[in-house]
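Consider the single chain below, provided in structure tokens and representing the form predicted alone.
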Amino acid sequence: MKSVWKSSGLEARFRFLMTGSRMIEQSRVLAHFCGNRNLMKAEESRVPLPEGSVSPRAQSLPAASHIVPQSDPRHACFFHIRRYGSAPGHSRVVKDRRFAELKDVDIAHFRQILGDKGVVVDSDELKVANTDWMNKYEGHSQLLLRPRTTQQVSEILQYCYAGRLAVVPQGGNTGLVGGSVPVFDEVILNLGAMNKILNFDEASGILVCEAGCILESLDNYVGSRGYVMPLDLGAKGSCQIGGNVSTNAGGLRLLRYGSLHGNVLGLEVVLADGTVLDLLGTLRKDNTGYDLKQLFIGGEGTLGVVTKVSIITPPKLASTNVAFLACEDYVSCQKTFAQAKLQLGEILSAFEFLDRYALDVVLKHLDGTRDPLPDSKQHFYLLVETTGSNQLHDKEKLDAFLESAIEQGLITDGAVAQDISQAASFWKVREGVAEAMGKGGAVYKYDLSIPLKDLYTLVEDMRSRLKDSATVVGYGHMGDGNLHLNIMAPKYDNELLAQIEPYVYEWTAAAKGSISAEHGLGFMKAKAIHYSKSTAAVQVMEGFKKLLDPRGILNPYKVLPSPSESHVISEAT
């Protein structure tokens, strides 16, 4: 069905979705980047820890006061980085000398806890776990552990804490900032085998599950019961809920349902010394004391290992519409968003944007994608989604919004999906940008929160700054002020990087933005935290780290800057 509106000589074509009460199940997952990492299912078994137990390793270690970090360059180790989006070919990183080296006695002890199947020393499996999905970061761990219960996680961490073995908690390993892979030879603690759904209250929509549950599996589970997960990511076929919580993942539903800080009701967390912290509440309101769970949401596994999650899931609504719109300039995008909030109100569930450069990259490098508006060659494109309970009501509101936007000259062309397949194809264009960028050459990726009025100015400034040396692409979640700035070049180049950093961080700080909107800091941005947080705030964070992990064994070199500048040595030295 076609409809043509005319206003001041402007014509725009829109194709309408006529689905009655059908819910569009958007097939948004473009690729399962990491797979399930050989997830195992097993019945929970609890083995009590012997009181006062000390690891064999701890008995042979010198006292803590005699183990100090070394800054002598002769002790330097190297973190190999491939296609590193925020550094030259590889950076030199000094290993923290407090940490012990893995020995056969340690592996034997872990086998006693987990059995042979839970202890991985195979080089091929370790290669996968040591490398992030973008092939940017590669560690050198010699051991991967797969606990099946919280008790096993507790025993592992108790042993590692006593023996000063550094640990990297790992979920689906879909992160973008090097937070889920080792820097050196840290023990990898993969939570994928802890993948049981423990309880679901169909009256309240409250889900309790283990940290290793795949996000898409959870969405399917609650979907069959009339609910949806409050977050949706392109990597949902591989990412795990524990990792989502630990990184405070944002994604495509944040505009409608908010962040995990509001949706997570409770957590079970194992601290560095093996202490199990039971914060696994299921209450919407609990105002007793400090809300400790918030420390671990976005903590990236540096303060504790999330083992169980309690989360509120919203109802699955019956009516969804998806529109793909064209705008001449960024100011029109801003005004269109303002109109969408005003006229669509409670049914507005997503408002995404991409520039023409991003669309061209997707059409060139991603198989199976088609231009939703082949006759329109504008500079900007918007993907607008509504979700509600009444198809007729929602369609009327969407029609009124589109007509108003045309009359005001905000949009020049657009299409509204007619069926589930077309809606999925629209989303594939938006979600395919990250994957397509990776196929186009070297990519420097930045995830930034910037006030909406200034959001695209950074993209324009970078184009002026870099000129013909790189292609600058801008896209992201306009609904929550999240810019994904991608810079493409034929190859990684130190001179190009020097033009990008620290300029990007300085620009963002001057605009009162954040250098990390949803990806976290990980290893990539740990030293850049001061661009977004004050010295006093970072000192408080360091105080929490020292309190909860005095020996620093949990995900070292991540989130916070190293205690000494000697921990990271620039390539120039």
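From a predicted model like this one, the values you see are computed outputs, not experimental measurements. For every residue, the number given is its place in the sequence shown, counted from 1.
Below: the form predicted in complex with another copy of the chain, not depicted.
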Let me test this: is every residue among 349, 473 and 502 within 4.5 Å of another copy of the chain in the predicted complex, going by heavy atom positions?
no
Using a 4.5 Å heavy atom cut-off, which of 150 to 158, 446 to 454, 463 to 471, 165 to 173 contacts another copy of the chain in the predicted complex?
446 to 454
Using the partner position in the predicted complex, report whether residue 284 sits within 4.5 Å of another copy of the chain, counting heavy atoms only.
yes
With a 4.5 Å heavy atom cut-off, would you call residue 315 a contact of another copy of the chain in the predicted complex?
yes
Just checking whether residue 198 would be counted as a contact of another copy of the chain in the predicted complex - the rule being heavy atoms within 4.5 angstroms.
no
Mark residue 521 yes when one of its heavy atoms lies within 4.5 Å of a heavy atom of another copy of the chain in the predicted complex, and no otherwise.
yes
In the predicted complex, which of the listed residues (366, 489, 280, 420) lies with a heavy atom within 4.5 Å of another copy of the chain?
280
Contact residue in the predicted complex, chosen from 237, 205, 440, 274 - any heavy atom within 4.5 Å of another copy of the chain
205
Is any part of 474 to 488 within 4.5 angstroms of another copy of the chain in the predicted complex by a non-hydrogen atom, and which residues would that be?
477, 479, 480, 482
